[in-house]
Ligand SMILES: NC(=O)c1ccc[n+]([C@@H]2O[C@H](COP(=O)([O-])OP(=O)(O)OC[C@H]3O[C@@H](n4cnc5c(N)ncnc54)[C@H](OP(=O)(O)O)[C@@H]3O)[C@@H](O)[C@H]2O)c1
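This document opens with one chain alone, in C-alpha cells, the form predicted on its own.
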C-alpha cells in the first residue's frame, strides 16, 4: 500500500523544481528533493520544513547523469516517503551557445541531463504507477522544443525529444489510469536563463510552479505555461519551414 500525497521532484535545488517542491509541500505533500547540489537542496528542505513545522521534505543528492544509480535510489525514496503519487522531472541545463558555435560537449550535456536523465527517472515511475494503477507523471519541457530555432539546437532537440517521450508514456499508461503531463513553459526567470537577459513575457519561477501544481491536480496531456503560449506556439508550429527560416528566430 502506498501513501497518497507523496511527491518526488527531480531538479529541486533551484528554479522551477524548487518552486514546485515548495508549492507541493504547502499543499500537504511529503516531498523527496533530488538534485546534484546537496547544499542547495538542504536550503530548500529547510524552508519547507520550517514553514510546515515538521519534516515534510527529504533530501537525496544525485547527479541525474548517473543513470545506473536511479533504480536503487528510486526504491529508497519510495520507502522513505512511505509511498508515491506524483513524480516531477524538472532537471535541466542550457549553457550559453553562440550562433557560430558548434560544441558537442555542451550538446551532450543537455541531452544527458534534459532527456536521458528524465527517461531514467520516469521509466521507474511509469513501472511503479502501472502496477498500482494510479499516479501522476510530470515532465517540465519548454516551448523551445516545438520548432528548430537557429539558437540552441542541442537544447531545442532535448526538449522536443522530451515531448515525444512523454506523449509515448501517456499513450502507454492511459489504460492504467496514470496521468502523464507535459509542461511547456515560455521564458521563466531562473538561473538557467539569466545569461539571456530579460526575455519577452517572462514569468517568475513561483508563478510557473503555481500553474504546474494546478495542472498536477487536474490536467492531462500538454499544458503551456502560461496558457497564452499554447496559441502562440500553435501559430509558430504552422509557419512553413521556408518562412520560419527567414524569420531568424533564435
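Everything numeric here is computed off the predicted structure, so don't read it as measured data. Numbering follows the first chain given and starts at 1.
The same protein has a further form, the form predicted in complex with the ligand, not shown here; the description that follows concerns it.
TODO: Note which of 70, 188, 223, 58 lies within 4.5 Å of the ligand in the predicted bound form, where distance is taken over heavy atoms; exactly one does.
DONE: The residue from 70, 188, 223, 58 that makes the contact is 188.
Task: 214, 43, 51, 36 - the one with a heavy atom within 4.5 Å of the ligand in the predicted bound form - done: Spelling it out, the residue with a heavy atom inside the cut-off is 36.
Task: One stretch from 71 to 79, 91 to 99, 126 to 134, 169 to 177 that, in the predicted bound form, holds residues within 4.5 Å of the ligand by heavy atom - done: Correct option: 91 to 99.
TODO: Answer yes if any heavy atom of residue 16 is within 4.5 Å of a heavy atom of the ligand in the predicted bound form; otherwise answer no.
DONE: Yes, contact at 4.5 Å.
Task: Close approach of residue 206 to the ligand in the predicted bound form, 4.5 Å, heavy atom - done: Result no; residue 206 lies far from the ligand in the predicted bound form.
- [ ] Using a 4.5 Å heavy atom cut-off, state whether residue 113 contacts the ligand in the predicted bound form.
- [x] Answer yes; at least one heavy atom of residue 113 falls within 4.5 Å of the ligand in the predicted bound form.
Open item on the list: At 4.5 Å between heavy atoms, is residue 63 in contact with the ligand in the predicted bound form?
Closed with: Yes, residue 63 lies within 4.5 Å of the ligand in the predicted bound form.
Task: Sequence-ordered residues of 135 to 156 touching the ligand in the predicted bound form, heavy atom within 4.5 Å - done: The stretch touches the partner through 140, 141, 142, 155.
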